[in-house]
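Next up, structure tokens for two forms of one chain, structure 1 and then structure 2.
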Structure 1
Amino acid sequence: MSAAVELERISLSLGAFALRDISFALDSGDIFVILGPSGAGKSVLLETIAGFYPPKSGTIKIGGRDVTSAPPEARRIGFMFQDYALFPHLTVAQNVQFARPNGDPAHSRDLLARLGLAALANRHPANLSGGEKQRVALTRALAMNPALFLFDEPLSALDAPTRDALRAELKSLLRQLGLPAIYVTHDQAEALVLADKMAILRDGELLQVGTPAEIFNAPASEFVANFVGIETVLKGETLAVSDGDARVALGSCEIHAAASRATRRVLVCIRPEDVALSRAPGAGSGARNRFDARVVEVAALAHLFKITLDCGFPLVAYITKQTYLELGIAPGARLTASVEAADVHLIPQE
């Protein structure tokens, strides 16, 4: 069975910017999140898939049909923009009906009711909240009977509670419809909540494609590691690999990683939430790494505390307020930092 959506080696030049050899495939119902910094080309990629820009090379297939040269209106794509793109002079019902001007108005009314917008049908966009506008934009996209949804950071302008609620609604609706969707964002939390598959885009190039767990826990490069929030990324040298355990030197210290093989030079990656802190004394070795640590800096985040440590090498941990208070953590405090070998990821450097 062919993929529901398939891009093969899509390249595009747009002024000084270029997309380079973009390839991926989605099955029906997949939510594919493209994560990347500003200027990475996320919106340009969506607009190329939608038909706004003709690619220099490569093919785009939707539902097994080659649409590389098809005009936007022939691609059956529902596109939700960051700025809603609603017509201010049309009512909610008219905005939805605009997607299918020759369609049955009853279908539009049914969609509005399904998304809880029936009572707003006669309002104009100026009289809607941000969350209501996004629901109208989604309803309009649904009215097109799309084969693919494209989402260009549609929740970025909303306040946090509204954004969280709409994100959950959107995922639930996409699950019900069973349609593929491509969603671009620079928000890591949003990517983790929504994605079945995801990719990291930088400077028009996909650096890594995989599941959220693969990308967040096993990044393929230093840029990806830094971008997905791995605060400890250190140069190391592999000393030995035996029975799935790699011993790696970090300066005068050693750390163990779960690995069946490793190059001599590696980057050692440790997510801050995988570091446990305690008052228990003693450093050791084995499957669980334990290090004598001195607290260098304490910073309060939204719901956690960021603890910067000196273990003979720099290490960052995230802990809860309860742990912070129980351990009485302050700069200069002596602790034991622990991390499982399975949570230490190695990136080959040669």
Structure 2
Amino acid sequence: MSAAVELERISLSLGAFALRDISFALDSGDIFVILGPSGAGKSVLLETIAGFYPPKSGTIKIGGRDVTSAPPEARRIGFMFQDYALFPHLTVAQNVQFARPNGDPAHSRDLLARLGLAALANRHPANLSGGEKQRVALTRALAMNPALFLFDEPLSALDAPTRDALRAELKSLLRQLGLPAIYVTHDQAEALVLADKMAILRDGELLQVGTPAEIFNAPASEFVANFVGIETVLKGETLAVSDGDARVALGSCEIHAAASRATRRVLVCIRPEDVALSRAPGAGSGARNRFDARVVEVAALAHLFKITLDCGFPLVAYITKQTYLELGIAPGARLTASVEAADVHLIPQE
């Protein structure tokens, strides 16, 4: 069976910017999140898929049909812009009807009713809440019977509580619809919540494609590691590998990683939430890696505390407020930091 959406080696030049060899495939119902910093080319990629930029080379298939040279209006794409780009001069019902100009208006009303919008049919977009706009935009796109949804950071202008609520609603709606969706964002939280599959985009290039677990826990490059919030990324040298255990020298220290292969030079990645802190040297988990640590810096984050440690190498840990208070952490305090070998990820160098 062919994929619901397939990009094969899409390249494009746009002034100084270029998309290079973008390839991926989605199954029906997949939510694919493309995560990248601003300027990475996220919007250009979406607008290329939608048909606003002709690629220099490569093919785009939607529903098994090659649409590489089809105009936007022939691609059956539900494009969700930031703030949803509802037509301000039309009512909700007219917005939906726009997508099916020759269709029966009663069908548009049914569609609105299905998404709980019947009461809003005669309102103008200016008088809708964020959640209502999202549902109207989805309804409008559904009226055209889309084969694919594209989301261009639709929630990035909203405050955090609204964003969380709309994201959850969006996810459940997409689940019900069972259509493939591509969602671009610079917000890693968005990727974690929404993605079945995700990719990291930088300078017009997909650096890594995988499940969120793969990308967040096993980044393939230093850029990806930094971008998905791995605070500790250090150069190390592999000493020995045996039985799925790699011993890696970090300066004068040694760390164990669960790995069956490793190049001589590696980057050692440790997610901050995988570091456990304790007072007593012997207490805590049976982790393979234990280090004497001195607290260098303490910073409060939104929900956690970020503790920068010196273990002979720099190490960053996120801990809860409760742990922070229990351990009485302050700069200069001496602690034991432990990390499971399975939580130490190695990126091969050369």
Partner chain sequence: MVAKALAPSRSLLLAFWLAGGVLLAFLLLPLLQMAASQTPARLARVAAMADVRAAIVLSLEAAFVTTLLAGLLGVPLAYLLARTTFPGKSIVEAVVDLPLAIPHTVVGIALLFVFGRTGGIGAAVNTLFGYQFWGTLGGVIIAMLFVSITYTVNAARVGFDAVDPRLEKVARTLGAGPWRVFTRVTVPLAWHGVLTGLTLTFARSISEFGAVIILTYYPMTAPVKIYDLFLQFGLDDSSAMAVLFLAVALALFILFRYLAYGRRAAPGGRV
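Numbers given to residues start at 1 and step along the sequence of structure 1. Everything quoted here is computed from the prediction, not taken from an experiment. Take the two forms, superpose them, and find the largest set of C-alpha atoms that agree within 1.5 Å; that set is the rigid core.
Both panels show the same chain in isolation, but it is structure 1 that comes from the form predicted on its own. After superposing the rigid core, the C-alpha of residue 133 moves by 2 Å or more between the two structures.
The two forms, fitted on the rigid core, differ between the two structures by less than 2 Å at the CA of residue 186. After superposition on the rigid core, the Cα atom of residue 109 is displaced by 2 Å or more between the two structures.
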